[in-house]
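We begin with a single chain expressed as structure tokens, specifically the form predicted on its own.
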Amino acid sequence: MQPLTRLQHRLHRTLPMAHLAVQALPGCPEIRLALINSDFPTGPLPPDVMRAVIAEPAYWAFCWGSGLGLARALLDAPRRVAGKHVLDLGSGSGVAGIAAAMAGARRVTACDIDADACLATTVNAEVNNVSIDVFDDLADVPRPVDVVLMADVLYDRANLPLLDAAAALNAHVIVADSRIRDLGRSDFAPIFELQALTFPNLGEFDEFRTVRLFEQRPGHGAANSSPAESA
């Protein structure tokens, strides 16, 4: 079975009325992803489907706004990743890693504990003709890593320890998030903001339109680098 067909079957386990469509991203047309159909109904889901969504959310079938914003930032400033080993941590659809590969990264790896997200990253890398090595355990990711990308990972406060895991790699860590205004850490500092919404947008609140980028650089806190240097 072809990977895209396998991914479609994975989506149907949660949303049997949905299908995947390969679509160019708004504001980032260089990248195409296999995402849930944009005309998917936004009304209440049947109870059995809602239970499936809660038990096994197909979050990888969306390009979340922070991932889209980070992808745009990398394509606009390729020097952040060019020639480097880049890790997309919590890869979801794989959009950040794909952008890094397009921006000239020497090697891109992706890591996500969700098997469906790993498959989605693999499928979307193939769609965009880029190479990404995908892992489901951070311990298996080859070292050293030069840059760690974390987009839309901190929606759950329980995921905050991932910042420590990323920092422990002694890499340049870039975090993109639209739901957190301040990471609450002295070793991370905001660098700039941009506007992006989740795609397809099936009713996300406008309050999540602003994507904030933070960074930590190895060997010294991000507070030591100015926004002008980082942008």
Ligand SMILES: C[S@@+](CC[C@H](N)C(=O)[O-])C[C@H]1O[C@@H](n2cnc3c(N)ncnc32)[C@H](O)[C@@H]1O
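Numbering starts at 1 and runs along the sequence shown. Because the structure is predicted, anything quoted here is derived from the model rather than measured.
This protein has a second form, the form predicted together with this ligand, left out of what is shown; the following refers to that one.
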In contact with this ligand in the model of the complex (heavy atoms, 4.5 Å), from 140-148, 125-133, 82-90, 99-107, is stretch 82-90
Consider V175 of the chain shown here, and say whether it contacts this ligand in the model of the complex, taking contact as heavy atoms within 4.5 Å.
-> no
Does at least one non-hydrogen atom of L194 fall within 4.5 angstroms of this ligand in the model of the complex?
-> no
Taking heavy atoms and a 4.5 Å cut-off, does A117 contact this ligand in the model of the complex?
-> yes
Does this ligand come within 4.5 Å of any heavy atom of I113 in the model of the complex?
-> yes
Check each residue of 118-154 against this ligand in the model of the complex and list those with a heavy atom within 4.5 Å, in sequence order.
-> A151, D152, V153
